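Just the one chain here, laid out as structure tokens, in the form predicted alone.
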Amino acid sequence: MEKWRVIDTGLRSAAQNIALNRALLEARQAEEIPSTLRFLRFTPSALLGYHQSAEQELNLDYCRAHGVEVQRRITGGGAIYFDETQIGWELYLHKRDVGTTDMQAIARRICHAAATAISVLGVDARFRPRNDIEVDGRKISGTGGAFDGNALLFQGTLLIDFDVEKMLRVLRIPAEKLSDKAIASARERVANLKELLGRQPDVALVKSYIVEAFESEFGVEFSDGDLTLSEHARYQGALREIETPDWVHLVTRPLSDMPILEAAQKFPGGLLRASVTFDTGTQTIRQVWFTGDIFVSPRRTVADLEAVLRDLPIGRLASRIEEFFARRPVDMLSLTPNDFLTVVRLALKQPLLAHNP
């Protein structure tokens, strides 16, 4: 049976964790190390995707006031908040370990295994495309992956006792999403292990179940290990670059290039409001938030719609909304799919309402 390695690098700063990402991925690409499962934790950190600008994505004043470290990942994707209330897990694999470069197929396989591990704790965790793990429709783990040559880094988080409100305040989002009602709604979409189990989970036990699930999925056996001398050398070199303002601000774009546009309209089905982060350079909808006095069932429908509208070219807005509602039964009383389209288009036509919280 093939032997893989498991390491636990403990609680570290964002810069240290990102430097370790680079070190382990480079070492796996060079075949200096076996395929590896790494457990990790972060001190309070706001993590940008590699191509993102801190000014456009984060509430930097809040981060400075509350000691939240701002860092840039070596992988793409959106900005996220990470702290001690989450367990991070990462797989450093070779392409031959997964037999494909199809990231959706890889996510499905790895997330199914991770969901199995979480379910052993006594909750019904399931993979939800594209890359989430949920319990009763509430997100408990987000994941993502990237290739570097033949090496794959696949990352996941597991929420233990997560503070949703702090996450919302770290990110640059409309003030409307920070109302008591909006924060309560956001909490309903996220699941914490502590809340689900009614007690603080045994973190060591959680990790052991994750190890066993990946052993079973890949037909391997893990053995405890430490960072090698090669990894240490790569880590120190990476840290010298990453623990600097130049790395954090590698991409810098003005707020004016990504305004938050807002509009509200009264429909027969109720008042619907849209806040849209819009990339003026690429004419892309980066994110949409819907609020208002509306009834929608299932309740997660609005969150799902917001998810499918992320990073969407403006020309595909109408077809994406139409496709979304065509695929699922939704009860919205008198509200219609076209109402969502109308209020987003209204926001996009009103740049004078832009603001930059």
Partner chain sequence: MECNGCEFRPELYYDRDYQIWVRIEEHGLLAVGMTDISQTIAGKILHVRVRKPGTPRPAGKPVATIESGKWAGPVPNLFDCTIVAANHEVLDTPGLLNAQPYDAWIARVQPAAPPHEALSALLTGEAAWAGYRARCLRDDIRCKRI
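In this text, the rigid core denotes the largest set of C-alpha atoms whose superposition between the two forms falls within 1.5 Å. Positions refer to the first chain, counted from 1. Nothing here was measured: the structure is a model prediction, and the numbers come from that model.
The form predicted in complex with the partner chain is left out here; the points below concern that form.
Taking the partner from elsewhere, no residue among G10, D83 and D226 has a non-hydrogen atom within 4.5 angstroms of the partner chain in the predicted complex.
Proximity to the partner chain in the predicted complex, taken as a non-hydrogen atom within 4.5 angstroms, holds for one residue of R328, R316, R64, R299, which is R316. Checked against the partner chain in the predicted complex, the residues V211, I183, I74, A113 give one hit for a heavy atom within 4.5 Å, which is I74. Proximity to the partner chain in the predicted complex, taken as heavy atoms within 4.5 Å, picks out 141-149 from the listed stretches 141-149, 215-223, 163-171, 191-199. Interface membership of D311, defined by any non-hydrogen atom within 4.5 Å of the partner chain in the predicted complex, is confirmed. Although the partner is absent here, D132 sits close enough that one of its heavy atoms falls within 4.5 Å of the partner chain in the predicted complex. In the predicted complex, at least one heavy atom of F154 sits within 4.5 Å of a heavy atom of the partner chain. Proximity of I260 to the partner chain in the predicted complex: non-hydrogen atoms within 4.5 Å are absent; the residue sits far from the partner. Residues of 96-135 lying near the partner chain in the predicted complex, listed in sequence order, are T101, D102, M103, Q104, I106, A107, R130, N131, D132, the criterion being any heavy atom within 4.5 Å. A displacement of less than 2 angstroms separates the C-alpha positions of Q71 between the shown form and the other one, with the rigid core held in common. The rigid-core alignment places the CA of L227 less than 2 Å apart between the shown form and the other one.
With the core held fixed between the shown form and the other one, Q236 has its Cα displaced by under 2 Å.
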